[in-house]
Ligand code: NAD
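What follows is one chain in C-alpha coordinates, specifically the form predicted alone.
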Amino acid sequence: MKRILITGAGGQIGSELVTSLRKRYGADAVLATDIRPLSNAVCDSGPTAILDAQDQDAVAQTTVEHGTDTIFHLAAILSAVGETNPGLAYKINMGTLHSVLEVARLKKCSVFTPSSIAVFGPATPKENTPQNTVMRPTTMYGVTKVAGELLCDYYHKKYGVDTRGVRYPGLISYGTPPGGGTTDWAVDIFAQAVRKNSYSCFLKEGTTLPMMYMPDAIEASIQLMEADPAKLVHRNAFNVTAMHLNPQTLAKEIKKHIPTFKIEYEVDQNLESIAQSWPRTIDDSAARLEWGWSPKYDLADMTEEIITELSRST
(Lines give C-alpha, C1' and ligand atoms only; values in the text may rest on other atoms or scores of the structure.)
Protein backbone atom coordinates (compact mmCIF):
# COMPACT_ATOMS: atom_id res chain seq x y z
CA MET A 1 0.00 0.00 0.00
CA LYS A 2 1.31 3.41 -1.00
CA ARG A 3 -1.71 5.55 -1.91
CA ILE A 4 -4.91 4.73 -0.02
CA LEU A 5 -8.52 5.82 -0.51
CA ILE A 6 -11.13 5.23 2.20
CA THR A 7 -14.89 5.34 1.57
CA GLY A 8 -17.23 5.84 4.50
CA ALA A 9 -14.41 7.48 6.43
CA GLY A 10 -16.80 9.32 8.76
CA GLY A 11 -18.16 6.17 10.38
CA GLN A 12 -17.22 4.35 13.56
CA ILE A 13 -14.47 2.34 11.87
CA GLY A 14 -13.43 4.85 9.24
CA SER A 15 -12.58 7.73 11.52
CA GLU A 16 -10.12 5.61 13.50
CA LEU A 17 -8.76 3.79 10.46
CA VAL A 18 -7.88 7.14 8.86
CA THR A 19 -5.79 8.09 11.88
CA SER A 20 -3.94 4.77 12.00
CA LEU A 21 -3.21 4.65 8.29
CA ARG A 22 -1.97 8.24 8.23
CA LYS A 23 0.41 7.50 11.09
CA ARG A 24 1.73 4.44 9.27
CA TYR A 25 1.82 5.63 5.65
CA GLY A 26 1.88 9.44 5.93
CA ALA A 27 -0.95 11.96 5.98
CA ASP A 28 -0.86 12.80 2.27
CA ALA A 29 -1.03 9.13 1.28
CA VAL A 30 -4.48 8.58 2.79
CA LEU A 31 -7.52 10.22 1.18
CA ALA A 32 -10.56 10.11 3.47
CA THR A 33 -13.92 10.30 1.69
CA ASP A 34 -17.57 10.21 2.67
CA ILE A 35 -20.91 11.28 1.26
CA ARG A 36 -21.17 13.78 4.13
CA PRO A 37 -18.66 16.35 5.39
CA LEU A 38 -16.01 14.80 7.61
CA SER A 39 -15.00 15.92 11.08
CA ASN A 40 -12.55 18.75 11.57
CA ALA A 41 -10.05 16.30 13.05
CA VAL A 42 -10.06 14.16 9.91
CA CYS A 43 -9.98 17.18 7.58
CA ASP A 44 -7.16 18.86 9.46
CA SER A 45 -4.93 15.77 9.46
CA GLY A 46 -4.85 15.05 5.72
CA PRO A 47 -6.66 15.14 2.36
CA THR A 48 -10.43 14.59 2.23
CA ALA A 49 -13.18 14.61 -0.38
CA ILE A 50 -16.94 14.34 -0.61
CA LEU A 51 -17.68 11.13 -2.52
CA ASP A 52 -20.83 9.15 -3.25
CA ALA A 53 -19.47 5.63 -3.55
CA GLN A 54 -22.53 4.59 -5.58
CA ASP A 55 -21.29 6.83 -8.39
CA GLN A 56 -18.77 4.66 -10.20
CA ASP A 57 -17.50 7.50 -12.39
CA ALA A 58 -16.87 9.67 -9.34
CA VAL A 59 -15.08 6.82 -7.58
CA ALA A 60 -12.94 6.26 -10.66
CA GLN A 61 -12.06 9.94 -11.00
CA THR A 62 -11.16 10.26 -7.33
CA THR A 63 -9.10 7.07 -7.50
CA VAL A 64 -7.10 8.35 -10.45
CA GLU A 65 -6.60 11.85 -9.04
CA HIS A 66 -5.21 10.43 -5.81
CA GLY A 67 -3.05 7.83 -7.56
CA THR A 68 -4.77 5.17 -5.49
CA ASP A 69 -3.44 1.61 -5.28
CA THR A 70 -5.56 0.46 -2.30
CA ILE A 71 -9.21 1.11 -1.41
CA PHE A 72 -10.67 0.52 2.05
CA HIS A 73 -14.38 0.35 1.29
CA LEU A 74 -16.32 1.04 4.50
CA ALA A 75 -19.46 2.80 3.25
CA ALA A 76 -22.50 0.79 4.39
CA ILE A 77 -25.80 0.83 6.25
CA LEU A 78 -25.58 -1.31 9.41
CA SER A 79 -27.88 -3.99 10.79
CA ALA A 80 -30.35 -2.14 13.02
CA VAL A 81 -30.77 0.79 10.63
CA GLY A 82 -30.92 -1.59 7.69
CA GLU A 83 -33.95 -3.37 9.11
CA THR A 84 -35.90 -0.11 9.16
CA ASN A 85 -35.27 0.36 5.43
CA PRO A 86 -34.12 -2.93 3.85
CA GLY A 87 -34.41 -1.64 0.30
CA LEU A 88 -32.07 1.24 0.98
CA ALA A 89 -29.64 -1.04 2.80
CA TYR A 90 -29.46 -3.34 -0.21
CA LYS A 91 -29.09 -0.43 -2.63
CA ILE A 92 -26.32 1.28 -0.69
CA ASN A 93 -24.38 -1.79 0.46
CA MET A 94 -24.39 -3.62 -2.86
CA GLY A 95 -24.30 -0.58 -5.12
CA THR A 96 -21.26 0.98 -3.49
CA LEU A 97 -19.38 -2.32 -3.39
CA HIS A 98 -20.02 -2.98 -7.07
CA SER A 99 -18.81 0.51 -7.96
CA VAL A 100 -15.61 0.08 -5.96
CA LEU A 101 -14.88 -3.39 -7.36
CA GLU A 102 -15.39 -2.21 -10.93
CA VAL A 103 -13.01 0.70 -10.38
CA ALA A 104 -10.50 -1.64 -8.74
CA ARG A 105 -10.73 -3.96 -11.75
CA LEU A 106 -10.15 -1.17 -14.21
CA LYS A 107 -7.54 0.76 -12.24
CA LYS A 108 -5.67 -2.23 -10.76
CA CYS A 109 -6.35 -1.45 -7.10
CA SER A 110 -6.46 -3.73 -4.07
CA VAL A 111 -9.69 -3.65 -2.06
CA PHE A 112 -10.47 -4.21 1.62
CA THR A 113 -14.18 -4.78 2.31
CA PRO A 114 -15.34 -5.64 5.82
CA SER A 115 -17.85 -8.39 6.31
CA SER A 116 -19.55 -9.21 9.62
CA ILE A 117 -20.84 -11.93 11.92
CA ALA A 118 -24.21 -10.83 10.49
CA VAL A 119 -23.53 -13.28 7.63
CA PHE A 120 -24.46 -16.08 10.01
CA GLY A 121 -28.01 -17.08 10.90
CA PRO A 122 -30.10 -19.39 13.09
CA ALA A 123 -28.81 -22.52 11.30
CA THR A 124 -25.16 -21.61 11.96
CA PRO A 125 -23.43 -23.34 14.90
CA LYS A 126 -23.59 -20.87 17.80
CA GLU A 127 -20.46 -22.00 19.62
CA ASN A 128 -16.97 -21.85 18.11
CA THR A 129 -18.51 -20.90 14.77
CA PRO A 130 -16.24 -22.29 12.02
CA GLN A 131 -14.59 -20.30 9.27
CA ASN A 132 -16.58 -22.23 6.67
CA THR A 133 -20.15 -22.95 7.73
CA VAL A 134 -23.83 -22.38 6.99
CA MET A 135 -24.65 -18.74 6.20
CA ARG A 136 -28.39 -18.03 6.11
CA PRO A 137 -28.77 -14.55 7.65
CA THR A 138 -32.12 -13.11 8.71
CA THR A 139 -31.31 -9.40 8.19
CA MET A 140 -30.83 -7.41 5.01
CA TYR A 141 -27.45 -6.28 6.34
CA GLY A 142 -26.43 -9.93 6.66
CA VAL A 143 -27.74 -10.72 3.20
CA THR A 144 -25.64 -7.93 1.69
CA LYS A 145 -22.56 -9.08 3.58
CA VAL A 146 -22.88 -12.66 2.34
CA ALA A 147 -23.40 -11.36 -1.19
CA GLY A 148 -20.45 -9.01 -0.71
CA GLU A 149 -18.14 -11.84 0.31
CA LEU A 150 -19.15 -13.81 -2.78
CA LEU A 151 -18.85 -10.80 -5.06
CA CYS A 152 -15.34 -10.06 -3.82
CA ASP A 153 -14.40 -13.72 -4.32
CA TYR A 154 -15.79 -13.48 -7.85
CA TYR A 155 -13.76 -10.38 -8.72
CA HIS A 156 -10.62 -12.04 -7.39
CA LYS A 157 -11.13 -15.30 -9.28
CA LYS A 158 -12.57 -13.78 -12.48
CA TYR A 159 -10.47 -10.62 -12.82
CA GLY A 160 -7.54 -11.07 -10.44
CA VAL A 161 -8.54 -8.15 -8.20
CA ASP A 162 -6.70 -8.35 -4.87
CA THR A 163 -9.75 -8.41 -2.62
CA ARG A 164 -9.51 -9.04 1.13
CA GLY A 165 -11.77 -8.74 4.17
CA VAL A 166 -12.59 -9.81 7.70
CA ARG A 167 -15.86 -10.67 9.42
CA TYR A 168 -15.97 -8.08 12.18
CA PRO A 169 -17.60 -9.06 15.45
CA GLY A 170 -19.28 -6.37 17.55
CA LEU A 171 -16.88 -3.40 17.69
CA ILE A 172 -16.41 -1.33 20.84
CA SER A 173 -14.99 2.20 20.77
CA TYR A 174 -15.33 5.55 22.48
CA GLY A 175 -14.27 8.02 19.80
CA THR A 176 -17.33 7.94 17.53
CA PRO A 177 -21.05 7.66 18.40
CA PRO A 178 -22.83 4.37 17.61
CA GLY A 179 -23.77 3.96 13.95
CA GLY A 180 -26.90 1.81 14.02
CA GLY A 181 -25.60 -1.68 14.76
CA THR A 182 -27.10 -4.40 16.94
CA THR A 183 -23.95 -4.47 19.07
CA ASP A 184 -24.03 -0.71 19.73
CA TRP A 185 -25.07 -1.33 23.35
CA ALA A 186 -21.43 -2.22 24.04
CA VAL A 187 -20.39 1.24 22.85
CA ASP A 188 -23.12 3.28 24.52
CA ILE A 189 -22.83 1.54 27.89
CA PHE A 190 -19.43 3.13 28.53
CA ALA A 191 -20.56 6.66 27.71
CA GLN A 192 -23.66 6.32 29.87
CA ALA A 193 -21.68 4.77 32.72
CA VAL A 194 -19.27 7.71 32.86
CA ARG A 195 -21.86 10.45 32.28
CA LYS A 196 -24.97 9.13 34.01
CA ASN A 197 -23.76 6.26 36.17
CA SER A 198 -26.47 4.04 34.67
CA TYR A 199 -27.47 2.38 31.42
CA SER A 200 -30.66 0.92 29.97
CA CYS A 201 -29.77 -1.98 27.67
CA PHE A 202 -31.82 -3.09 24.66
CA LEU A 203 -30.54 -6.69 24.83
CA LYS A 204 -31.08 -9.31 27.54
CA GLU A 205 -28.45 -9.55 30.24
CA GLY A 206 -27.15 -12.93 29.10
CA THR A 207 -27.11 -12.37 25.33
CA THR A 208 -23.52 -13.21 24.44
CA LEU A 209 -21.84 -12.05 21.23
CA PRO A 210 -18.28 -11.96 19.85
CA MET A 211 -16.70 -8.55 20.45
CA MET A 212 -13.51 -6.63 19.74
CA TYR A 213 -12.02 -3.34 20.86
CA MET A 214 -11.64 -0.93 17.97
CA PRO A 215 -7.81 -0.68 18.03
CA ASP A 216 -7.65 -4.43 17.46
CA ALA A 217 -10.19 -4.18 14.62
CA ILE A 218 -8.16 -1.46 12.94
CA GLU A 219 -4.94 -3.41 13.33
CA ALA A 220 -6.57 -6.56 11.93
CA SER A 221 -7.71 -4.64 8.84
CA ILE A 222 -4.29 -3.16 8.17
CA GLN A 223 -2.41 -6.38 8.92
CA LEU A 224 -4.56 -8.30 6.46
CA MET A 225 -3.86 -5.77 3.69
CA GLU A 226 -0.14 -5.96 4.45
CA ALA A 227 -0.09 -9.78 4.48
CA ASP A 228 1.61 -11.89 1.82
CA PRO A 229 -1.20 -12.69 -0.65
CA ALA A 230 0.34 -16.08 -1.40
CA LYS A 231 -0.54 -17.20 2.15
CA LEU A 232 -4.21 -16.16 1.99
CA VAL A 233 -6.75 -18.89 1.36
CA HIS A 234 -10.01 -17.33 2.53
CA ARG A 235 -9.28 -13.70 1.58
CA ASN A 236 -12.70 -12.04 1.89
CA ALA A 237 -14.22 -13.70 4.91
CA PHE A 238 -11.78 -14.18 7.77
CA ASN A 239 -13.38 -14.77 11.15
CA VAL A 240 -11.72 -12.52 13.74
CA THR A 241 -12.56 -12.00 17.39
CA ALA A 242 -11.03 -11.02 20.70
CA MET A 243 -13.62 -11.61 23.45
CA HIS A 244 -17.16 -12.87 23.95
CA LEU A 245 -19.38 -10.55 25.99
CA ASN A 246 -22.90 -10.09 27.25
CA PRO A 247 -24.33 -6.98 28.98
CA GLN A 248 -24.13 -8.54 32.43
CA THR A 249 -20.42 -9.40 32.09
CA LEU A 250 -19.47 -5.98 30.75
CA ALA A 251 -21.50 -4.20 33.45
CA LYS A 252 -19.67 -6.23 36.10
CA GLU A 253 -16.30 -5.16 34.70
CA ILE A 254 -17.39 -1.50 34.55
CA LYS A 255 -18.44 -1.67 38.22
CA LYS A 256 -14.81 -2.42 39.15
CA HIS A 257 -14.07 1.16 38.06
CA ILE A 258 -17.45 2.77 38.83
CA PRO A 259 -18.83 0.85 41.85
CA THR A 260 -22.16 2.71 41.85
CA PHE A 261 -22.89 1.95 38.18
CA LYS A 262 -26.30 0.37 37.57
CA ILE A 263 -27.69 -1.39 34.51
CA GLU A 264 -31.32 -2.10 33.70
CA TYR A 265 -32.92 -3.82 30.74
CA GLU A 266 -35.56 -2.57 28.33
CA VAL A 267 -35.31 -5.27 25.71
CA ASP A 268 -35.97 -4.40 22.07
CA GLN A 269 -37.34 -7.68 20.74
CA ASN A 270 -36.33 -6.89 17.15
CA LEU A 271 -32.70 -6.27 18.09
CA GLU A 272 -32.71 -9.20 20.52
CA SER A 273 -33.94 -11.43 17.72
CA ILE A 274 -31.10 -10.28 15.47
CA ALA A 275 -28.54 -10.90 18.22
CA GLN A 276 -29.92 -14.37 18.92
CA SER A 277 -29.42 -15.31 15.27
CA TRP A 278 -25.68 -14.60 15.50
CA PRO A 279 -22.88 -16.74 17.00
CA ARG A 280 -21.91 -16.60 20.66
CA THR A 281 -18.28 -17.59 20.11
CA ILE A 282 -16.11 -17.56 16.98
CA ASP A 283 -13.28 -19.76 15.69
CA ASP A 284 -10.72 -17.41 14.12
CA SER A 285 -7.92 -19.95 13.72
CA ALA A 286 -7.76 -19.42 9.94
CA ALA A 287 -6.82 -15.74 10.40
CA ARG A 288 -4.25 -16.67 13.03
CA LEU A 289 -2.72 -19.30 10.76
CA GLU A 290 -2.80 -17.48 7.42
CA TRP A 291 -1.68 -13.98 8.44
CA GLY A 292 -0.74 -14.10 12.11
CA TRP A 293 -3.84 -12.46 13.61
CA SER A 294 -3.77 -12.01 17.40
CA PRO A 295 -5.71 -9.42 19.45
CA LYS A 296 -3.88 -7.24 21.98
CA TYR A 297 -6.80 -6.25 24.23
CA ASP A 298 -8.83 -8.34 26.63
CA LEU A 299 -11.92 -7.25 28.59
CA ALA A 300 -10.00 -5.78 31.53
CA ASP A 301 -7.53 -3.79 29.41
CA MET A 302 -10.26 -2.44 27.13
CA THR A 303 -12.55 -1.39 29.98
CA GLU A 304 -9.81 0.40 31.88
CA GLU A 305 -8.66 2.32 28.81
CA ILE A 306 -12.13 3.39 27.67
CA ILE A 307 -13.26 4.57 31.11
CA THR A 308 -10.00 6.48 31.60
CA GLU A 309 -10.33 8.23 28.23
CA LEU A 310 -14.01 9.05 28.65
CA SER A 311 -13.45 10.37 32.16
CA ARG A 312 -10.85 12.79 30.85
CA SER A 313 -13.29 14.25 28.33
CA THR A 314 -16.25 14.77 30.70
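Numbers follow the displayed sequence, beginning with 1. Since the structure is predicted, the reported quantities are computational estimates derived from the model, not experimental observations.
Beyond the structure shown, there is the form predicted together with the ligand, which is absent from this document and is the topic of what follows.
The ligand in the predicted complex reached by all of 110, 284 and 295, non-hydrogen atom within 4.5 Å
No residue of the spot touches the ligand in the predicted complex.
The ligand in the predicted complex: contacting segment from 262-270, 61-69, 33-41, 242-250, heavy atom within 4.5 Å
Residues of 33-41 come within 4.5 Å of the partner.
If the cut-off is 4.5 angstroms on heavy atoms, which of these, 193, 75, 103, 152, is the one near the ligand in the predicted complex?
In short, 75.
Can residue 92 be called a contact residue for the ligand in the predicted complex at 4.5 Å between heavy atoms?
Yes.
I'd like to check something about residue 54: if you look in the predicted complex, is any of its heavy atoms closer than or equal to 4.5 Å to a heavy atom of the ligand?
Flag for residue 54 set to yes.
Can residue 163 be called a contact residue for the ligand in the predicted complex at 4.5 Å between heavy atoms?
Taking the distances in the predicted complex, the answer for residue 163 is no, it never comes within 4.5 Å of the ligand.
Should residue 141 be counted as a contact of the ligand in the predicted complex, where contact means heavy atoms within 4.5 Å?
Result yes; residue 141 sits at the interface with the ligand in the predicted complex.
Heavy atom within 4.5 Å of the ligand in the predicted complex: which residues of 2-39 qualify?
Those in contact are 8, 10, 11, 12, 13, 14, 34, 35, 36.
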